[in-house]
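As structure tokens, one chain now follows by itself in the form predicted on its own.
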């Protein structure tokens, strides 16, 4: 294992861990030596993902079903995860999903739903986990935001606002918890071809291939490419990084006045 990336002896909790980016993060953390707890609402997918990763890596990989938008449920879940793993060193706040609606047509209940899942849940879980993360002096939190939280996305106003809030939560938490040895960083993925994203694109008739023509890398990203960035920020390889948001979006979408090679 390359120095700085080895997570042997550490325990990680990954929300939204049953599919997509969360599952790839869990797999990568386990490959690097961590014991992992997967958390999401659907127990069937979680259990299947945990078995798959455990068999592949030989690490202890378990699962807990939880609605992380419920503060009390999130608190109980974190305590159970810490009890079952014996400790908690890494927290990946990955649970998230976007509704599609113009702001003028968005019901307040839909706005609240997006904010609870994409912003409030990260606070609830982090708040419950912070004492455990401080216990060994080298805890790490990685929040999963989105380029929508930086640039905004028309039709995803609540999601964009919540993800922007998540980035500021990251900065403030990093400032408050850094003296106790806990780092808090954020990853902001762009257009990532998860199964959930592809279903959403199909539902609204969005052509991802065409949209990627303005990206320097000319393609959507993969869940593994986001997981690599998250695993970096969770590891000692990023031991002097905190309060940062790392974009994983295929490059800057710049306009110019001439054609360039």
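Numbering follows the first chain given and starts at 1. All of these numbers come straight from a predicted model, not from anything done at the bench.
Same protein, other form: the form predicted together with a small molecule, not shown, and the subject of what follows.
Enquirer: Considering only heavy atoms, tell me if residue 96 and the small molecule come within 4.5 Å of each other in the predicted complex.
Expert: Residue-level check for residue 96: yes, a contact with the small molecule.
Enquirer: My question is simply whether residue 189 lines the interface with the small molecule in the predicted complex - judged by any non-hydrogen atom within 4.5 Å.
Expert: Yes - in the predicted complex, heavy atoms of residue 189 and the small molecule come within 4.5 Å of each other.
Enquirer: Evaluate residue 19 for contact with the small molecule in the predicted complex, applying a 4.5 angstroms cut-off between non-hydrogen atoms, and reply yes or no.
Expert: Within the cut-off, so yes.
Enquirer: Counting only non-hydrogen atoms and a 4.5 angstroms cut-off, does residue 69 reach the small molecule in the predicted complex?
Expert: Close contact exists here: in the predicted complex, residue 69 approaches the small molecule to within 4.5 Å, heavy atoms only.
Enquirer: Can you check 26-34, 204-212, 41-49, 232-240 and let me know which stretch has heavy atoms within 4.5 Å of the small molecule in the predicted complex?
Expert: Within 4.5 Å of the partner lies stretch 41-49.
Enquirer: Every residue in 120, 124 and 183 with a non-hydrogen atom within 4.5 Å of the small molecule in the predicted complex?
Expert: Answer is no for this spot.
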